[in-house]
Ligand SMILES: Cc1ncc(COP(=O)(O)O)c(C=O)c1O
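Shown below, as structure tokens, is a lone chain in the form predicted alone; questions about how it binds or moves come after it.
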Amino acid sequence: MAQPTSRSPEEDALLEKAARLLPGGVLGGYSVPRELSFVVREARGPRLRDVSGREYIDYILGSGPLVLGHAHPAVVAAVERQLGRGTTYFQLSEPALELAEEICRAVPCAEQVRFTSSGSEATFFALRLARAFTRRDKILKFEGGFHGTHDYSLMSVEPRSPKAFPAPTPDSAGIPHAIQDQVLVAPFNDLAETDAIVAAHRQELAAVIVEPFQRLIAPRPEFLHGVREITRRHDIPLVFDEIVTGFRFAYGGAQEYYGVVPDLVALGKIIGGGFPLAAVAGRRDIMRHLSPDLAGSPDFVAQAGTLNGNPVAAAAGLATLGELRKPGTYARLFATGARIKGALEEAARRAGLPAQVAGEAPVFEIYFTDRPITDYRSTLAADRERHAAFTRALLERGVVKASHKFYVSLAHGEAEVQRTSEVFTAALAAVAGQRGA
């Protein structure tokens, strides 16, 4: 792969337009230094090409939905077939029904499904359902857990000065102060502290929501099983946020991978095949609160969206799941991810840098610290400046990743593994040299 060349006048003009029309010149959620910014023109498989013709190995993958890579032929064909039949109906459609059926077949907790258009909506409505079902108001989440951008979720995601548990810290301006009174925060992977907080507030708690794989932190073997036992003991619905892990860690998601079944689940990313689609799924007795038969009663949960269950997105999701069902698919995904993850660990070791590569094979990240990464507070010991320098060094060498995550796809092949390994070595050597200078 040729090294990136200089940015073209055309791309410069587009970036100037972005700066003028978009706050910060970005779409939100991902940004790079101005001098390294680019505008994507097209993407195929595991690679992006920008307006200037520069090519990048892509480990963002649209923030995760493209587990098959960009423009996969099966997904493109399914979308093209559906486009000729109409783009949206706001009515039942065969693709939406088939996708709901497949979710219920695959995901252990799923008895019924309600589609949304984003992961933030899915987690928001999962919590609303839990409040309607329990007739309680408060929720418990885990420090460092990200459940989208609604008011209840943007609490203690990245606090720089964490409070004593269970007090939350808002992560955004504009969140009503009253919301803080409805959110409790516990430490991920700390079962004793979680048990104590739940026991103290059990009569107020409507739900416990958790990313079973929290951002990049794997659960300790006993943790998820313990949280399941605690919530069951106190009759509190357990919500898994599987926006990232759903259909990625296994066909049945983290529920299958870790062997723990919640009451509700939020799904997104992969189920839309690269289109805006997410879902809430779970126990029938909880999901029933969404039924229009209850409209006008105190049990009814109002939820609607113009593009709920959009047939184009559902068709793309079905095509993606069809590919994931093929024999050996997950073994191949994990093997590729393990090679790339291992190459990152080895490159850091050779560079003499204290580092932890946290996560699972399909999703991981490097933290520049000698401290094991077991919860959010352990990530605070990591060198943020060194991490930013590493991310920049990768981009300069044609490898693009999110600010704090590598996503691996089935499209990443031998050429990408080899080139990425070379870039890791060069980038980490450059980072080590910068700090040593």
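Numbering starts at 1 and runs along the sequence shown. Just so it is clear, the model here is predicted, and its values are computed rather than measured.
Absent from the display: the form predicted together with the ligand. The rest refers to it.
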Quiz prompt | Stretch in contact, per heavy atom within 4.5 angstroms of the ligand in the model of the complex, of 209-217, 332-340, 171-179, 307-315 | solution = 209-217
Quiz prompt | Sole residue of 251, 146, 300, 258 within 4.5 Å of the ligand in the model of the complex, by heavy atom | solution = 146
Quiz prompt | Contact assignment for the ligand in the model of the complex, among 189, 118, 93, 112, heavy atom within 4.5 Å | solution = 118
Exercise. Please run the contact check for residue 72 against the ligand in the model of the complex: heavy atoms, 4.5 angstroms, yes or no?
Key: no
Quiz prompt | Partner contact for residue 243 in the model of the complex: the ligand, 4.5 angstroms, heavy atom | solution = yes
Quiz item: Which residues in 369-392 have a heavy atom within 4.5 Å of the ligand in the model of the complex?
Solution: none
